[in-house]
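Next comes just one chain, in structure tokens: the form predicted alone.
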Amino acid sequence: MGKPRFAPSDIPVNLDPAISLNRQTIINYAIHPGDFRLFLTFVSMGNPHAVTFIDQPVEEFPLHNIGPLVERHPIFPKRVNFEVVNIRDDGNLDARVWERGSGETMACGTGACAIGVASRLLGHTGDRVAVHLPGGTLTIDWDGTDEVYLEGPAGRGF
């Protein structure tokens, strides 16, 4: 799936220069959409992603209300894909994706990759993790330095 990029200009995300100056990775950046406080980790997989980890089951998160607020937050000049993640264990993550311009999706390959990368950066998982999405499970491999690899089923019939 390519190499992840992290520089604010690669996402793109407009942050205070004091925060983004000489930073190669932005993790746990706090925003306040609605009544929520979210900590976002930014990853570009060729498209922009903002990943947040939550303690509650992802099914309980009000994605249809908060997703559009994150997607169109003023710090994202080209909008952003938003992933909500709960850690099942060190090899499994549950997630939902709000895709910019589309809304909630059943699965997203680049989103699953961004989730795997963010999880490894934050020390939640190792190099290989299964990301469980409403549409199925995708396996992500990333050694922290090189290409991200994605495995999962492919099908037709939508």
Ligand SMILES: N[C@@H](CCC[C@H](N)C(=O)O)C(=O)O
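What you see is a predicted model, and the numbers here were worked out from it, not measured in a lab. All residue numbers are counted from 1 along the displayed sequence.
Keep in mind that the form predicted in complex with the named molecule is missing from the display, and what follows is about it.
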TODO: Let me know the one among 109, 126, 68, 34 whose heavy atoms come within 4.5 Å of the named molecule in the predicted complex, would you?
DONE: 109
Task: Partner contact for residue 94 in the predicted complex: the named molecule, 4.5 angstroms, heavy atom - done: no
Open item on the list: Even though the partner isn't displayed, in the predicted complex is residue 120 close enough to the named molecule, meaning a heavy atom within 4.5 Å?
Closed with: no
TODO: Consider residue 47 of the chain shown here, and say whether it contacts the named molecule in the predicted complex, taking contact as heavy atoms within 4.5 Å.
DONE: yes
Open item on the list: Can you tell me if residue 132 lies within 4.5 angstroms of the named molecule in the predicted complex, counting non-hydrogen atoms only?
Closed with: no
Task: Interface segment, criterion being heavy atoms within 4.5 Å of the named molecule in the predicted complex, picked from 101 to 109, 85 to 93, 59 to 67, 34 to 42 - done: 101 to 109
Task: Residues of stretch 77 to 96 in contact with the named molecule in the predicted complex (4.5 Å, non-hydrogen atom) - done: 81
